[in-house]
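Next up is one chain by itself, shown in structure tokens, the form predicted on its own.
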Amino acid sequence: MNMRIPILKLHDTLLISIQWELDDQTALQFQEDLLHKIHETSARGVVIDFTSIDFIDSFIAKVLGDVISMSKLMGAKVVITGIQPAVAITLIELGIRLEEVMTALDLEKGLEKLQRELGD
């Protein structure tokens, strides 16, 4: 059974906390769901929390990079929070550079950073 990742709306921000290891289908569904949600809510910001994720493979890493780029193209600023060391290593080893993406240690700090960036 394919589980969907919940996307919560808080004012003009979308909050996503990924709570389980992603399979390819779930990652692609998340990509589609997030882009639709940005479009339908006119969200200005997105916070994606990876605190519960200890490992990602190359396909998931690519989808993550694509989700971030696509969100930015749609006008939403993205903050990634809670990246574990193994995930950070995997992203860099695969050549997925998140240079222009804001990051924070946890969801609370990520929300604060996004609010400052959006001028709220």
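The numbering used is simple: start at 1 and walk along the sequence shown. Because the structure is a prediction, the values reported are computed rather than measured.
What comes next is about the form predicted together with another copy of the chain, which is not displayed.
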Is it true that Asp57, Ile60 and Leu98 each have at least one non-hydrogen atom within 4.5 Å of another copy of the chain in the predicted bound form?
no
Please check if Asp66 has a heavy atom lying within 4.5 Å of any heavy atom of another copy of the chain in the predicted bound form.
no
is_contact(Lys37, another copy of the chain) in the predicted bound form, heavy atom dist at most 4.5 Å:
yes
In the predicted bound form, Leu105 touching another copy of the chain (heavy atom, 4.5 Å):
no
In the predicted bound form, is there a heavy atom of another copy of the chain that lies within 4.5 Å of any heavy atom of Arg116, even though the partner is absent here?
no
